[in-house]
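Given next, in structure tokens, is a single chain: the form predicted alone.
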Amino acid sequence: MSEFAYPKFTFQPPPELSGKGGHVPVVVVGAGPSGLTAALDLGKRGIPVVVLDDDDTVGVGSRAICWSQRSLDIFDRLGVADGLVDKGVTWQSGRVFFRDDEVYDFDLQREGGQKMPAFINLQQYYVEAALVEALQSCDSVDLRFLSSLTNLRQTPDGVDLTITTPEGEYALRADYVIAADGANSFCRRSLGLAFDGKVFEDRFLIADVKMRADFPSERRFWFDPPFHRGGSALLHKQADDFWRIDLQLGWQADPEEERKPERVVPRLKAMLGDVPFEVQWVSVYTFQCRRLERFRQGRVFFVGDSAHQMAPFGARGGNGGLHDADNLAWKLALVVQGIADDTLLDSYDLERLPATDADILHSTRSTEFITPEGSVSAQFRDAVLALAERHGFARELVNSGRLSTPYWYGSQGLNSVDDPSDDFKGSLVPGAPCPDAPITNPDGSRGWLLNHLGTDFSLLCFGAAPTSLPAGSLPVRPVVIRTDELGDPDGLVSARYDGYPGTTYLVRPDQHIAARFRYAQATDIQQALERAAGGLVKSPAPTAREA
């Protein structure tokens, strides 16, 4: 059996069942990774949140397992990454096979000097359990299990919800709702919304297998392997001696039949040989690459699988949901706090729709390569694979799943356009996520840059902070790279940010770059800050501040 002990969350009657309360700034519907991440981010900012989930435990089965460096950086900012990394299987390399031969291998993290690894593999239930534990210690968040949303109605100034529980039904009003209730979202159905995109005519068996094996901690993908001719296969190592196996079945496969042990076990034995194993969880799925037309629907915001669905190769679904939550939470907090106007929330669509489109494009291309439509496409795919072992140009065409990477939002919307006179080298432009690098703390201890950028607006300054900074309802905290503050022991901060004395970066609360300057003045920073917060921020005159 699994090493993981599924928790049982008891129902705690909320005050609304006794006729008390009835209003909260934010309700999160769904306690999966994206919903819990959004709730924790908001809760750490002091925003009162109610989380509703109709279950009494975390998700059953491993489900999402591959967590990218960007997602781990988000978890680290929220204080839950260390335990996940310690428990998970760290990996950064992979191998691709065609029939009996290895085509090539790859390395996902060619650059060192990062606190978080390129990827860890860890069952989704561990991630959810860690987030729930953190939320249970967060006074701003009320977790309500065994609480099913049964009605949702928007008004111009709020959202009216009806929740059904083991002890009766109650009403709750929210200023905003985050719909994180998965692929079969009740919130989406309540608003009459539908996905637009493509459903691929193929089926895959997904299985969690417990076994002791000497396979390395790497991603292995096979096209037309000897143990599963005519299909493809994927192998990932997880925690607790679990292994994730995906096997292509074809569109004609009967999902109910293929889940039966008499069908599953022979397929796995053909792949694994004489290694003893136990099948812990099995599912059959169909590829889908689809999304809502808009993720903001009035006062309801869709994140994760409720907003988009995509093929699993590339680990873009689960990670994309975390990036949705990361993008939305700080904006929603500023609006709830009365610091920014509600129009700031329109930027959630502005930024996350193109990010999702990029993920869907990658997922679609992967799926089309893995499951070619028609004989001509299949012949092209096989020819590419045959050439890839010997020719580098062909390897660029092999697509077994382009793995999740952070999206660069670009110099639109919230992010300032560079001044042409600012001679920056490299590609770390406004809209890009901040890369990590080692730093030296004033006491001589080693640390990491992203841990100092924190969760608010910050100014990453090289040499000294500007002599005056904006002051008011939206504070900006300077983070100075120089020997007597934060040292740059390996030179990686300066190299990655093209930083020399006078260089300054304005960093958003989600640790994306909002603007960069060679020699920033307070008015420059104020203008960039106002733009980054939607253009409608209280902005008293700057006050002098010593470097």
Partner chain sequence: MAGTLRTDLRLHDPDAFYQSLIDAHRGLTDDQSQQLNARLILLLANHVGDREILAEAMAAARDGLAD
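Residue numbers count along the first chain shown, from 1. From a predicted model like this one, the values you see are computed outputs, not experimental measurements.
Keep in mind that the form predicted together with the partner chain is not shown, yet the notes after this line are about it.
Using a 4.5 angstroms threshold between heavy atoms, residue 211 stays clear of the partner chain in the predicted bound form. Although the partner is absent from this view, residue 167 stays clear of the partner chain in the predicted bound form, with no non-hydrogen atom inside 4.5 angstroms. Taking non-hydrogen atoms only, residue 382 approaches the partner chain to within 4.5 angstroms in the predicted bound form.
In the predicted bound form, the partner chain sits beyond 4.5 Å of every heavy atom of residue 251. None of 199, 275, 350, 386 but one reaches within 4.5 angstroms of the partner chain in the predicted bound form through a heavy atom, and that residue is 386. Checked against the partner chain in the predicted bound form, the candidates 464, 361, 397, 265 yield a single residue with a heavy atom inside 4.5 Å, and that residue is 397. Residues placing heavy atoms within 4.5 Å of the partner chain in the predicted bound form fall in a single listed stretch, namely 373-381, out of 203-211, 430-438, 373-381, 123-131.
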